[in-house]
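Just the one chain here, the form predicted on its own, laid out as structure tokens.
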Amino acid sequence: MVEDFEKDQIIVDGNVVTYHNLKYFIVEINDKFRPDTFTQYDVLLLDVREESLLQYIISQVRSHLNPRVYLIPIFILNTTAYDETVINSLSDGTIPSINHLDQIDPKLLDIRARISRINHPKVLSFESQMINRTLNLMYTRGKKKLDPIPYFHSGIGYYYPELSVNFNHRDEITVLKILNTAEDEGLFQSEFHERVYLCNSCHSGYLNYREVCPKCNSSDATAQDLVHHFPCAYVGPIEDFQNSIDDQLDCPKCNKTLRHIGVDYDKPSVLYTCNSCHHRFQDYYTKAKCTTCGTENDVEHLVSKSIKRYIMTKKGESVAINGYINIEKQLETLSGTVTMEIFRVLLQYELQRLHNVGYQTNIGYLHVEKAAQVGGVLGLEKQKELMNDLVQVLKSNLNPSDFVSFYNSSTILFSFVGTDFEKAKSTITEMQSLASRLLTKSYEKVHIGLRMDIVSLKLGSEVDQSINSIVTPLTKM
């Protein structure tokens, strides 16, 4: 049955709603849940009340392999918002009914615009896939921070929604390893949040801390006071002083009655008796029993892990759009280039030199448009060869004192030391012409667009600020 709401231009056909040329699919509790079919829709509306089922559906969508599925906007049909943090982190909002679709128009417009900018390179490594998916979800939702959420169902006790959704609780230690990799690659900066201790066998955070007998590891023990009789210096468990007739305490050594604590005697400690092996001891051992795999861990041998908050860097934003294909480490080793860290240091020296001698220095860039798509066609080795060819074109037209670095897998930065701006601009035009001829001749099977330009390194300017002024517009292309 087709029902046309002419006033609001909402057209309902079964579970499919058409509004403003977008197709919404309403997921209901009785539906056969088939995420593969969601590629034909623009938005999902979840008409599900049960929280656990709602979370299951959202998790299945966000962990799907197809970007058209895991990036699809998800809104929940409900009159009140949910308190559950993971649901809220992985969905895009709540609306009372389909008659309020106009309320989500601005958010949808922004999400869809961001999704349209993302390239999806073909990546082989699991870590690269996970990094891409996490950055894609964050970027398309305008999120800069990845905060750990304390979560009962997490294997490590904390949940990073955009990444952890891809793992079951037994594998969540991998989440921390991937985040460390992303931080090492400069995609995130981090702040310490908490420290967790995990089983040294299965890396689970489900631990039962127990005080156990040092001889047999049993936690079944009975405690009794240790009594010190001052006059004769006898020390023993309180049961040695008790008799079967009354409640008085009598010293087993001197037979005197203990009358006043603090005057006749004191209780300096506690003595434990293991009910399993009958061993007596004063200090328990502390063990952490893993409730997942059953391993008895000595607490000093637990695996210690830092839980951090992560903030996406400019480089991370660029990678979110162009894709992380784990080629940048290889590019850093290309002959004639320096790492970005060294590039920044050398630029800083140039600023100092400018101050002293008044020379002009400029920063140039060469950006390969849609590098992820180009890499997908060429493959990693051929892409590396392409970037090497472009570096050689640059080096052959720069002064020996100039230096070249890869900002990322699609952008090369280089210096024009002591070169007049207009002359540098002219050289840029010449290099772009040479590079274009090279691409036409050697890579004729794929269209490769190049952008090149320079900015002047002004006296007193910050190096990072100058670099950001170059790369920020490129990340928005």
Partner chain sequence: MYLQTVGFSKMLRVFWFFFFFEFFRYVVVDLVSLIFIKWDRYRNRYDYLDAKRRLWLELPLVSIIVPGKNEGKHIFKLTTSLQEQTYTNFELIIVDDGSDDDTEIICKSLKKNGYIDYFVRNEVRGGKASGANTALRIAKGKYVVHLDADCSYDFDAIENIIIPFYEDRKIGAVGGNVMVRNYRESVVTALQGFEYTDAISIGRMVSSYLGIYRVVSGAFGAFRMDLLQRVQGWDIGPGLDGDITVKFRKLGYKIRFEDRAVCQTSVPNTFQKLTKQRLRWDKSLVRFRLRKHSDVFFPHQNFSLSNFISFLENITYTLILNIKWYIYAADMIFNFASLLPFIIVMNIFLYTGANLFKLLVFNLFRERTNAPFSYFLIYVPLMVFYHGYFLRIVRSIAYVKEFFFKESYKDPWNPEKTSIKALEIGI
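Numbering follows the first chain given and starts at 1. The term rigid core refers to the most C-alpha atoms you can superpose between the two forms while keeping them within 1.5 Å. All values reported here derive from a predicted model rather than from experimental measurement.
Unshown form predicted together with the partner chain; subsequent notes refer to it.
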### Query
Using heavy atoms and a 4.5 Å limit, would one call Phe230 a contact residue for the partner chain in the predicted bound form?
yes
### Message
Since only the chain is shown here, I'm wondering whether His153 would be in contact with the partner chain in the predicted bound form (any heavy atom pair within 4.5 Å).
### Response
no
### Task
Spell out, yes or no, whether the shortest heavy atom distance between Ala81 and the partner chain in the predicted bound form is within 4.5 Å.
no
### Task
Look up in the predicted bound form whether Pro237 has a non-hydrogen atom within 4.5 angstroms of the partner chain, and give yes or no.
yes
### Query
391 to 399, 255 to 263, 89 to 97, 171 to 179: which one contacts the partner chain in the predicted bound form at 4.5 Å, heavy atom to heavy atom?
255 to 263
### Message
Counting any non-hydrogen atom inside 4.5 Å, which residue from Val338, Val303, Ile149, Leu271 sits next to the partner chain in the predicted bound form?
### Response
Leu271
### Query
So which of Arg112, Arg344, His279, Lys370 reaches within 4.5 angstroms of the partner chain in the predicted bound form, heavy atom to heavy atom?
His279
### Query
Listed by sequence position, which residues of 386 to 406 have a non-hydrogen atom within 4.5 angstroms of the partner chain in the predicted bound form?
none
### Message
For a quick test of reading the superposition: does Thr80 move by 2 Å or more at the CA between the shown form and the other one, rigid core aligned?
### Response
no
### Query
Rigid core fitted, is the C-alpha displacement of Tyr285 between the shown form and the other one 2 Å or more?
no
### Task
Classify Ile104 as shifted (yes) or not shifted (no) between the shown form and the other one, where shifted means its C-alpha moves by 2 Å or more with the rigid core superposed.
no
